[in-house]
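Below you'll find only one chain, the form predicted alone, shown as structure tokens.
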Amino acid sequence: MSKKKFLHRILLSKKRKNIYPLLDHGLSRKDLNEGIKVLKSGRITMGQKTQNFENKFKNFLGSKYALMVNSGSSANLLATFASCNPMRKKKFKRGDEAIIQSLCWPTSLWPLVQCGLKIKFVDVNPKTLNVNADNLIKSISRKTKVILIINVLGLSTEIKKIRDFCNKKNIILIEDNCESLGTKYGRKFLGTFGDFGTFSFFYSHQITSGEGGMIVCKDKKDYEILKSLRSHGWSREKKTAIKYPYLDPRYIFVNSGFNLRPTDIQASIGLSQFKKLKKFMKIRISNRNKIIKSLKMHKNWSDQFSFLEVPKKISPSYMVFPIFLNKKFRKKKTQFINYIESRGLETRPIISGSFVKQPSSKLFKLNPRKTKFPGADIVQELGFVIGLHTKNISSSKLKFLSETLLSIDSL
């Protein structure tokens, strides 16, 4: 197809709305009504609804403690700052080394930088998007005090092996599970292996409260630190008031802190969605299988794309659907993405691609030795995602997806 003809097609379809968006009507009327009830009550700040959601969440995961925050990014921020807090016995200090994968979201990485840690990136396996556990363990040095594992898009590495090694070496493990709520490794939910586990309820995730997140932990002291950091370093405990009789018991600040509190509006919507998590998981798995089958059964199928491999012991909970171009189409990727977007098929990159290539990474000199990460490069150069909806996909949508995606041969 000539460049002129290609641009003409783009212009003709510029006003076309998304036929297949990343998430289609993710919030039901019932979900929204739960939020409206709170709004009408006039008590919209963090309260009983938030506590109810936290309790349901921790019970479902089998975690001792859960704390809701205003976003998954805030959950990562709290987990990192709690890990170096003076109130914690096992903590890191500025200048220590933190390991994170090169395929990451900014707010998984930046709290580590903001806490003064020296970053060491490790590569990912492009067939699973996750780190190889043995490779990660080999990269650990005496300076390594923190490992932040990202369970990418419903999958994970051998997280138990990494957890056991961290316990042996007294390394703090933060598990960013913002993209994998509901996924299990063996019989245990992801997000419950590390010292802290973080979750996100952003719009396109497994469940949504519009914005919102959760952090879980096993230790009561960690929970108390998180709770204080979430709200200005505040303490309203009776025992604290007794200890400081010369202060107003309503305003005692025992720690540093932020304001990362959610609202009860978010909590009520999130709780309504959470009740449907298992149903959403089944539908997304079914839709993924149908899309793959529809592509492979199409008369024009000739291995134009490949799909993720599910690692052993993983029972996935999908968020979106990653797709990889055949490497022969590498140079066509930008043109292809622009074209299918113009047709009404919404896409996203796979997270941020290789983060060491982002300008902010260069600004902060996070990869001074200019280490190469070929796995993350493949993900960036060949990968993209489309949506996995929470309603059963129709035959007309399947036809649209197959024909739109397989148009790559004609570009």
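From a predicted model like this one, the values you see are computed outputs, not experimental measurements. Residue positions are given as counts along the sequence shown, with the first one as 1.
Heads up, the form predicted in complex with a small molecule isn't pictured, but that's what we're talking about next.
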- Item | Candidate stretches 303 to 311, 135 to 143, 336 to 344, 176 to 184, one within 4.5 Å of the small molecule in the model of the complex by heavy atom | 176 to 184
- Task: Report yes if any heavy atom of S200 sits within 4.5 Å of a heavy atom of the small molecule in the model of the complex; otherwise report no.
- Result: yes
- Task: Answer with yes or no whether G212 is in contact with the small molecule in the model of the complex, where contact means some heavy atom within 4.5 Å.
- Result: yes
- Any chance T107 has a heavy atom within 4.5 Å of the small molecule in the model of the complex? yes
- Query: Quick one: is N76 in contact with the small molecule in the model of the complex, heavy atoms, 4.5 Å cut-off?
  - Reply: yes
- Only one of P262, G194, G72, P126 has a non-hydrogen atom within 4.5 angstroms of the small molecule in the model of the complex; which is it? G72
- Students should find that, of I150, L226, V216, I207, the residue having a non-hydrogen atom no more than 4.5 angstroms from the small molecule in the model of the complex is I150
